[in-house]
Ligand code: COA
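A single chain comes next, written as structure tokens; it is the form predicted alone.
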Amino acid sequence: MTDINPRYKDKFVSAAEALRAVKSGDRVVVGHATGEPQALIEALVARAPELCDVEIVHMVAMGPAKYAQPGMEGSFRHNGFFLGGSTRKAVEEGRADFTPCFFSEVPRLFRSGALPVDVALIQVTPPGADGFCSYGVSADYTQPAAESARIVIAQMNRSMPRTGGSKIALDAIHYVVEQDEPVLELKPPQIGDIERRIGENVAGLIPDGATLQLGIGAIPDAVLLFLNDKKDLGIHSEMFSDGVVHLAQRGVITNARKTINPGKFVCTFLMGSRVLYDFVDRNPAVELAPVDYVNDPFVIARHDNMMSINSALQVDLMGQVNAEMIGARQFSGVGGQVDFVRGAGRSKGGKSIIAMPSTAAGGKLSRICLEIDRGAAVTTSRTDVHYVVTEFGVADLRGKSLRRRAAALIAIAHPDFRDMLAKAVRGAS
């Protein structure tokens, strides 16, 4: 057992004992993404025959999400703010729910009582010299959920990196389950020629001294490949991954010229490989904070030269962005895209960038389209969009009329679709 003050010994129990605290009808909030407490989820799922109508609130589930599998619907109902591979099908089949929400607004739902939290399942490090446990790779809504919950159950994992910023006292935890296991990892994406060309186009928009927000996937990682000659870049991002580590080690990312929190990598969660986790572990330059701070557009806007880089599934010729739906099917969620688009848009020298391949479905569909798919939601409005980037170039939409927007977007569409898009615009005018 971890060397703990004896007055806390009664808090330390097995996973099975701790999860007895969950009752039928409870709302259970699960720690986010790679911070998911795997041992606690397993123990909760094992209780499925005894439970009914337990709502499990989660954002990106990186584990198998067994509670959302067929046959579990009588015991558990997943409520997602963002969908991934292990939860998408449950929503499609009506066995789970999706709640549209800006990532930055999730803590308010918990704190205000709009979504009261009965039980928070979190993952933490053993306590440090100050007596506090670190939230490790997930502060985002995990910390606000723990602060709002009636009962807090924590998996204490020695493999979890200790990060600066967000922390929790043992006094605030009701049950502690000591279970060491590898932290969930996100493997580096494959970067192809298209992603490299997009990355190069985006990198051309980024000046020295800029502060970056980067999403997940091949395009953000491709952007980082082309920043080696930049100076004094900074990070204020919803999350970051392995690519940032390489630039930090080369002295490209120093955070020295950040307008606020200078010298600090600031994010709300982390997702990557052990390379990332080793870099952030006990690194005094890395600080995690809840998402209602990191993703607050007013906080974001205080950074001069804030560069927001996000992706999309479709952009129509008015500039409307669909980043979350394929037709009427919910594919992912809003996440922090709008938070950062708006924050960067109000930053002195800031730029918000929507970057995506020009086609989908193996080149059969144009992502730049006359209209967003029927049934799909608009994630980012046309009035918020600034730059759209594909492998064929950059379209700056700010201040452009609808006619000029359409022309700029058609110019960066795949050549196979430009004539069709141009004819459709002429036919509609």
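None of the values given here were measured: they were computed from a predicted structure. Numbers follow the displayed sequence, beginning with 1.
One more form of this protein, predicted together with the ligand, exists but is not displayed; see below.
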- [ ] Using heavy atoms only and a 4.5 Å cut-off, determine which of I260, L225, A169, I326 is in contact with the ligand in the predicted bound form.
- [x] I326
TODO: Work out which of G234, G343, P144, G333 lies within 4.5 Å of the ligand in the predicted bound form, going by heavy atoms.
DONE: G333
TODO: Determine which one of 358-366, 48-56, 64-72, 385-393 lies within 4.5 Å of the ligand in the predicted bound form, judging by heavy atom distances; exactly one does.
DONE: 358-366
Open item on the list: So in the predicted bound form, is the ligand close enough to Y175 to count as touching (4.5 Å, heavy atoms)?
Closed with: no
Task: Residue contact check: F82 to the ligand in the predicted bound form, 4.5 Å heavy atom - done: yes
Task: Heavy atom of A312 within 4.5 Å of the ligand in the predicted bound form - done: yes
- [ ] Check whether T211 has any heavy atom within 4.5 Å of a heavy atom of the ligand in the predicted bound form, and answer yes or no.
- [x] no
Open item on the list: Would all three of Q155, E181 and A289 be in contact with the ligand in the predicted bound form, where contact means some heavy atom lies within 4.5 Å?
Closed with: no
- [ ] Heavy atoms within 4.5 Å of the ligand in the predicted bound form is the criterion; list the residues of 197-211 that meet it.
- [x] none
